[in-house]
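Listed next as structure tokens is one chain, alone, in the form predicted alone.
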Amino acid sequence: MSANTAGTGTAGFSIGPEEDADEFEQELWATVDEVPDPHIPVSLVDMAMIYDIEVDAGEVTVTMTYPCMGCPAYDMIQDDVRAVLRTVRGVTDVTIEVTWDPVWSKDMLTDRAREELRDAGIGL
């Protein structure tokens, strides 16, 4: 699944931009979709860790979560998201908001993520 269109994980959780997202927001989602989880070969978008991306006059706010509290890669992941979004023309600032609602679940994974995990020998 490409982040260019809204999709759902197996729990029906909405992944990607809304259907009415403008071209800029779609580009932001596609750009974040390039950021892999540092522990496994799956993008943060397909992992359903990115809940929302909002834009206000070039200021981007990413609402995201993590599969577990206390993840040692928090800062690295957030730095990667900020860095990749700052390469997009028109982005002036990136803020990351971490939420635990809804709590992440492996049921949120996209079918693509499940396939990539199986291909990497990672069982669910």
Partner chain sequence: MIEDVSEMTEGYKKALKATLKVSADTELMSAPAYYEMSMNAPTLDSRASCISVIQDELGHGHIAYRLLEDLGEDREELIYEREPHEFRNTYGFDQHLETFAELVSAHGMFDRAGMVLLSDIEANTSYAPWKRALRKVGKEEQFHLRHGETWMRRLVNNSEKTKQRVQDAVDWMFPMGIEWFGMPDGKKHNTDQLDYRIKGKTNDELRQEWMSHTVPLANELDLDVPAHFDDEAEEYVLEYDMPVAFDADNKEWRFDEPIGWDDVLDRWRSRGPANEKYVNMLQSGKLEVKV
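Fair warning: this is a prediction, and the values are worked out from it, not measured in the lab. Residue numbers count along the first chain shown, from 1.
The next section is about a form of this same protein that is not shown, the form predicted together with its partner chain.
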Point to revise | Contact test in the predicted bound form: Gly90 vs its partner chain, heavy atoms, 4.5 Å | key: no
Check your understanding: Given that the partner is absent here, does Met76 sit within 4.5 Å of its partner chain in the predicted bound form, heavy atoms only?
Key -> yes
Practice item. Decide whether Asp80 counts as a contact residue for its partner chain in the predicted bound form under a heavy atom distance cut-off of 4.5 Å. Key: yes
Practice item. Report yes if any heavy atom of His39 sits within 4.5 Å of a heavy atom of its partner chain in the predicted bound form; otherwise report no. Key: yes
